[in-house]
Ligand SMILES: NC(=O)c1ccc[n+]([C@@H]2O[C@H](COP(=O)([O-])OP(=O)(O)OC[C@H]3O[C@@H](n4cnc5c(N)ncnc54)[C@H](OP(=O)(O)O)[C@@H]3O)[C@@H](O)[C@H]2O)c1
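Given as C-alpha cells, the chain that follows is alone and in the form predicted alone.
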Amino acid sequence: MRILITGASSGIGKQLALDYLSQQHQVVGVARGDLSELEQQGLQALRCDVTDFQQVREVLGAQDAFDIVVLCAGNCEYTDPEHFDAELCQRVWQVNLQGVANCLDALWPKLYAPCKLAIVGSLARLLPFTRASAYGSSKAALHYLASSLRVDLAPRGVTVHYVQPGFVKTPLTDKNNFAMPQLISPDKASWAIRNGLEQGRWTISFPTRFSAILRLISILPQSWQQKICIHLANSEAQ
C-alpha cells in the first residue's frame, strides 16, 4: 500500500512510519523535523510545514493518490488558568486544526476509494480538563471535522477514522509535569491505529481501559463532568 503520514519525524507518526515500512509498504512521510533516520529505512521524505498553506499545496499536490492517509502532526501547549493567552491558542490551533485543513485542501482531488483517511485527535476532547482549553478545543474541532468529512467523502467510498489516544510517551508528553495515567509506548499506539484501520473502526480509542473511563464520564450530566474535572484540577495543584 501507499501510505502518507504527517508528523513523521517523532512520536506516533514516526513509529507508524517505521511499522508500515517494516511491512514493506511504500510510506511517504511529511515533517518539519529530521527524517533522515526514516529515509535510511526506505521512507520517501517530504520536508514541509503543515501550517504553510502554499507549501503544503505545492508539496502534497504533486503527490499521487494514497491508500491510507494519517494526519498526525500536532502540537500541545497548556494554558495558565490565571491568564488567557490568545497567541498560545493560535500556535496550537494553527498546527492541530489549520494544519489538517491545509493537508485536506491539497489532498482533496486524490481522496477516492479505497483510501482510508485517519485524523489523529485526542481523548482530551471528551472532558473539560484544566489548562487544556487550547489543546482540547482543537481536538474537539477535529472530531467534528472528521464526522462531517465522513459524510462528505462517503459518496467517494473514502472511509474517515478519528483516532483518539490517551497519554503516549512522545517528545510532547515528555514536557508534561503532571501524572499521566496509563501512559503507553509509541509501539502500542501504532499497533492500535494500524489494527483499528484494518478493522475499519470509525473511532480508534486507546488505551482501552483509560478511554472507557473517560467515555463513561463524558456521558454524565455536564455539571457532574465539571465537578469531576474541578476536583482533578485541585488535586493536581496540591
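As the structure is a prediction and not an experimental result, all values here were calculated from the model. Heads up: residue numbers just count along the shown sequence, starting at 1.
This next part talks about the form predicted in complex with this ligand, which is not shown.
Checking 126 to 134, 106 to 114, 73 to 81, 146 to 154 against this ligand in the model of the complex, the stretch whose residues place heavy atoms within 4.5 Å of it is 73 to 81. Looking at residue 187, you'd find every heavy atom of it more than 4.5 angstroms from this ligand in the model of the complex. The closest heavy atom approach of residue 16 to this ligand in the model of the complex falls outside 4.5 Å. Contact between residue 49 and this ligand in the model of the complex is found at the 4.5 Å heavy atom cutoff. When this ligand is considered in the model of the complex, residue 95 lines it closely, a heavy atom lying within 4.5 Å. Looking at this ligand in the model of the complex, residues 161, 208 and 211 place no heavy atom within 4.5 Å of it.
Scanning 165 to 197 for heavy atoms within 4.5 Å of this ligand in the model of the complex gives 165, 166, 167, 168, 170, 171, 172, 173 in sequence order.
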